[in-house]
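Given next, in structure tokens, is a single chain: the form predicted alone.
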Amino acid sequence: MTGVTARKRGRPPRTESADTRDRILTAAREEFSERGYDKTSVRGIAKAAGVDSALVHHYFGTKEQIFEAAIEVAFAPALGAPEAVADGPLDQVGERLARFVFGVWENPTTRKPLLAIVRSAVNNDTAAAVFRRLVVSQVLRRIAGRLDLPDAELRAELAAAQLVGCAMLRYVIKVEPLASADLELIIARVAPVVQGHLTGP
């Protein structure tokens, strides 16, 4: 066609790529949060982001990979847990870790995406595997590395099980009286148990 400059096919310019990628990621987080892993589709994410589904695959690959990319951002506040373990005396690590974990859950801004992650992980094996990889590699192994004690990985997992179990009952299932109990009371009861897992005999 004369006088018309056709746009070249292929990858979009770098600035446009970053914007498109962020838009897809934002849409993915919203879709997974609202619908869960099973009911979310690549096509639905693409529609919410205003792009073609092929572009979603181009940037992220499979639905599993999109989910992993989406929850890495949502899970980011929890990645400070290993620093909470390392930052202070070892005999107070249980309280520091408990305060950190419950602090993340108490904050409405960080609670909503965490709820979406947990619900997806509970209801779908693929989502659970992605969540497990993230928790193990980014949190538990790093906590274990800071303990420098025998059976450090098992200790970190038991402490995490204690805290995640309490968080599930309080924030996800909302079992009373735990759901409405004073946070300081919960920390006072849970912290010594976490301490025992991490540094006990």
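Since the model is a prediction, treat every value here as computed from it, not as a measurement. When you see a residue number, it is the position in the sequence shown, counting from 1.
One more form of this protein, predicted together with another copy of the chain, exists but is not displayed; see below.
Student: Would another copy of the chain in the model of the complex be within 4.5 angstroms of a non-hydrogen atom of every residue among 20, 51 and 73?
Tutor: Judged in the model of the complex, none of 20, 51 and 73 sits within 4.5 Å of another copy of the chain.
Student: So which of 42, 136, 27, 55 reaches within 4.5 angstroms of another copy of the chain in the model of the complex, heavy atom to heavy atom?
Tutor: Looking at 42, 136, 27, 55 one by one, just 136 meets the 4.5 Å heavy-atom criterion.
Student: Which of these residues, 46, 69, 147, 166, gets a heavy atom within 4.5 Å of another copy of the chain in the model of the complex?
Tutor: The residue in contact is 166.
Student: Even though the partner isn't displayed, in the model of the complex is residue 33 close enough to another copy of the chain, meaning a heavy atom within 4.5 Å?
Tutor: Answer no; every heavy atom of residue 33 is more than 4.5 Å from another copy of the chain in the model of the complex.
Student: With a cut-off of 4.5 Å between heavy atoms, is residue 151 one of the residues that contacts another copy of the chain in the model of the complex?
Tutor: Answer yes; at least one heavy atom of residue 151 falls within 4.5 Å of another copy of the chain in the model of the complex.
Student: Flag residue 128 as yes or no: does it have a non-hydrogen atom within 4.5 angstroms of any non-hydrogen atom of another copy of the chain in the model of the complex?
Tutor: Yes - in the model of the complex, heavy atoms of residue 128 and another copy of the chain come within 4.5 Å of each other.
Student: Would residue 178 sit within 4.5 Å of another copy of the chain in the model of the complex, counting heavy atoms only?
Tutor: Judged by the heavy-atom cut-off of 4.5 Å, residue 178 is in contact with another copy of the chain in the model of the complex.
Student: So which bits of 130-163 sit within 4.5 Å of another copy of the chain in the model of the complex, heavy atoms only?
Tutor: Contacts from 130-163: 131, 132, 136, 141, 151, 153, 154, 155, 157, 158, 160, 161, 162.
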